[in-house]
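Read the single chain below, which is given as structure tokens and is the form predicted alone.
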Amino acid sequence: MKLAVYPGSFDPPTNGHIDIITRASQLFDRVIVAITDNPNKKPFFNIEERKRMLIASLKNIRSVEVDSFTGLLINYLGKKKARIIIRGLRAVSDFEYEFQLALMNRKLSKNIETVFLMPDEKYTFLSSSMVKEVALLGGGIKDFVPSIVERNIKQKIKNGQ
């Protein structure tokens, strides 16, 4: 059974994330979407909120599991007995950072492979940061995120996030 892990902060999950997960589910028997906190960012949603939104957004893809972890991704992979990391590439500008991450992960564990997937071209400009900024400034985000995410973002803003 081919198992892959798609790690990220998913704060919030976007249609680009969902597209990558859908593509990965067609290539691997099982995909774990592994939510982590990025210590360099102030989260908009806590991990449990992100987890609930991803589970709801992915409910029609049976081979996908949503989980969370802290610490090194390599340690998480070992715990799950996984060898494959999925990473999304939106543009050439993503490549250098993702390439460095892939090499570091390989250095930490020789058995790890990173698979880069590109989303549909309509999502290549999309980022979680951009979605949050547009929403906070009153712009529409329905084309960028699953409907449950849109509702949760609007509610957070209404409650004075």
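Owing to the predicted nature of the structure, the values given are computational and were not obtained by experimental measurement. We number the residues from 1 along the sequence you see.
Heads up, the form predicted together with a small molecule isn't pictured, but that's what we're talking about next.
Using a 4.5 angstroms limit between non-hydrogen atoms, residue 112 is distant from the small molecule in the predicted bound form.
In the predicted bound form, residue 98 approaches the small molecule with a heavy atom inside 4.5 Å. The closest heavy atom approach of residue 9 to the small molecule in the predicted bound form falls within 4.5 Å. Of the heavy atoms in residue 44, none are within 4.5 Å of the small molecule in the predicted bound form.
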